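A single chain, nothing else alongside it, follows as C-alpha cells in the form predicted on its own.
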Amino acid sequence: MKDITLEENKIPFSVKARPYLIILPALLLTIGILYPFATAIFYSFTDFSFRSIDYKFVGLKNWITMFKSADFWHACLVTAQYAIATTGTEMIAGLGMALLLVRESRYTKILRIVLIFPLMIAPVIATLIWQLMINNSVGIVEKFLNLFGVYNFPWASSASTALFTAAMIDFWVYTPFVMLLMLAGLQSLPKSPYESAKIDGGSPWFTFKTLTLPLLKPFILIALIFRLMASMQEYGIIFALTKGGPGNTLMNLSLTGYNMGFAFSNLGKAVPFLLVLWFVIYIISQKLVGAWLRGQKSAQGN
C-alpha cells in the first residue's frame, strides 16, 4: 500500500489536472448558458425596472398578469402563425429547389451561387431593400403588379397583409438556407437503391416517396429544427418592417417582451414573455432532436 501511495505521489500535477482541464471549457460554457437563465427567472419574480436600481419581490404577480393579458395570447398567436407560415413554405420550396439543382451542370452551378445571395445579407438590410421594392410609388414589385391591374397593394401598411409581407421577406432570406441543407443531403444519398429502382421500373414519384424522402429525413429534420426555432424568435425582419404594427398586428412574443423591457422599462414584466418563448422552443426542439436521433439509429440498423 505504501509503494502504491508513493507511485501516485510521483504523478506530475499536469497529468493529474489534465481531466479537469479537458472538461473546464464545457463547464464554463454550461455556467455561461445557465447563468443568464437563472438571472432571468430571478427577475421575473421582481418589479425590476431600468429606471431604478431598487426592486422588490412580487412573487407570481408578473406571471399571473401575463397569462391574464390579451396581449400575451395575441403574441402567442402571431408567433405561431409566423412560424408555421415561414417554416412550412421554406421547407417545401427549399426541398423543391434542391431537387431541381441536384443534377450537375454549368447552369445549376451558377444558380446555386446566385440563389444563396440573400443569405449574405443581414435580415434587417434585406427588409429595408424589400421596403423600397414594394413601395407604392417607385417599387419594382408594385410596377410589376400594375401590369396585372393591381394598384396600391397595402403590403405592410394593412393589418390584413402585414403578416404576409413579413413572411414573404423571411421566405426570400432563409429559403436558400433550407435549399443548401437539402442539396447537401441529396448529394450524400447512396446511388445503389436508385439504380435498383430504375431497373425495376419505378416511377419518379414512387422513387421520391419510397427512397428520397425516407433517406433525406435526417436533413429535413435538421432544417426544420433550425428554421422553426429561428422563425419563432423572429425579431429583426418584423421590427425593421413595421416595429410590430400596424397597431399590434405583428407583435410576437419577442417584440412584446422587448417593448415591455426596453421601451416601457419594465424588465420584471418582460422576462416572463421571453421565458415562455424559450420553454416552448425548448420542448419543440427536444421532440425534433429526439426524432432525428431515432432516425439516425434506425439508419444504422440499431
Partner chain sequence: MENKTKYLLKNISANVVIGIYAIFAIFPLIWLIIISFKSDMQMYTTTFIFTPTLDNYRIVLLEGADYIKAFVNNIIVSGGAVLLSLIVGVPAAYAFARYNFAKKEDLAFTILSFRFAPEILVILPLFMIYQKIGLYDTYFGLIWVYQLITLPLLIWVLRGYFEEISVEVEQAANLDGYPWYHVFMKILVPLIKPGMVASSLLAFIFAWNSFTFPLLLSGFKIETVTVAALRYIGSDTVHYGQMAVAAGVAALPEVILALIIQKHLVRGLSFGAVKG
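Residue numbers count along the first chain shown, from 1. Fair warning: this is a prediction, and the values are worked out from it, not measured in the lab.
There is another form of the same protein, the form predicted together with the partner chain; it is not shown, and what comes next is about it.
With a 4.5 Å cutoff on heavy atoms, Arg103 counts as touching the partner chain in the predicted complex. Put simply, Ile92 is far from the partner chain in the predicted complex: not one heavy atom of it is within 4.5 Å. Within 4.5 Å of any heavy atom of the partner chain in the predicted complex lies no heavy atom of Met251.
Contact between Leu180 and the partner chain in the predicted complex is found at the 4.5 Å heavy atom cutoff. Proximity of Ala162, Pro193 and Ala291 to the partner chain in the predicted complex is absent: no residue of the three has a non-hydrogen atom within 4.5 angstroms. With the partner left out here, the partner chain still marks one of 194-202, 148-156, 170-178, 73-81 in the predicted complex; by a 4.5 Å heavy atom cut-off that stretch is 170-178. In sequence order, Ile225, Phe226, Met229, Gln233, Tyr235, Gly236, Phe239, Ala240 are the residues of 223-242 having a heavy atom within 4.5 Å of the partner chain in the predicted complex; the partner itself is omitted from this view.
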